[in-house]
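Below, in structure tokens: the form predicted on its own, a single chain.
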Amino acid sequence: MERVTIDNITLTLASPIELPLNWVGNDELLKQLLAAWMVIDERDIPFNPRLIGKPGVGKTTLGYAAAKRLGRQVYLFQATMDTRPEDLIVTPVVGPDGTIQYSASSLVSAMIKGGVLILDEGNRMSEKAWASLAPLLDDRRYVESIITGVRISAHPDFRIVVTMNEDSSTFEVPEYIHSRLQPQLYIDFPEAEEELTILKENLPFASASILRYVVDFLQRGHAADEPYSVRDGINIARYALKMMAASDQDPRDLLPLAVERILGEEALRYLR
């Protein structure tokens, strides 16, 4: 475990993540995200972009791919409804010897190391949690730990991207935070051929006929404004293939059952 000392307070840093993710979607979105992170003058600062879209469209994958394109370490913080300010910054823990020690969050670890922080599903956090990040998201670029009394400044290479799902189980993000999370990049459902490419990337062991079947189903769902995502399609095909391996049945006969088990009976209306 790596440790750093700031103002006589020793922090244990979180580790970066390595994920088997590969962005095979719209390359223009990747370019726009990288442009938002650019610094074009010594008086310039990077943007704090947010990626908006329905669950499963690849927001986290896009952020991860952009960070890897820059050659940076990637850190992930999963926001929840009960995320507290101290969860975002520094948390006290009891060490093996019974003393109080301090663990830096993945966000603070990324700030210190000059990595990229993906703040996942940011609109699940309350205003109190967001308020603790306000100085990080403007030209001050620091956070303050109430627990330790330490101010932590972001490394010049630090970048952040916030993903936000379009669903009803979220908080309203306060306006002063909205103005700090710019630009907004919207990720929509992919077109059929792009969707097929994504499925092939994730399921190289699946036959072309199965993948085409799933893409056809997804595209019918998109046309009807259903929330079915590429992630759902991957799960449908994977489950059908697993059932085939267990029963020696043709996966095309098992695809309707897989659709029902993954998305529910009402999804069957979009099958051919």
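Just so we're clear, the structure is a prediction, and the values are computed from it rather than from any experiment. All residue numbers refer to positions in the sequence shown, first residue = 1.
There is another form of this protein, the form predicted together with a small molecule, and it is not shown here; the text below is about that form.
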item: Residue contact check: I198 to the small molecule in the predicted bound form, 4.5 Å heavy atom; value: yes
item: Close approach of K59 to the small molecule in the predicted bound form, 4.5 Å, heavy atom; value: yes
item: Proximity of V230 to the small molecule in the predicted bound form, heavy atoms at 4.5 Å; value: yes
item: 4.5 Å heavy atom contact, L211 and the small molecule in the predicted bound form; value: no
item: Site test, W23, P55 and N202 vs the small molecule in the predicted bound form, non-hydrogen atom cutoff 4.5 Å; value: yes
item: Residue (of A206, M243, I234, L33) lying close to the small molecule in the predicted bound form, criterion heavy atoms within 4.5 Å; value: I234
item: One stretch from 23-31, 42-50, 216-224, 66-74 that, in the predicted bound form, holds residues within 4.5 Å of the small molecule by heavy atom; value: 23-31
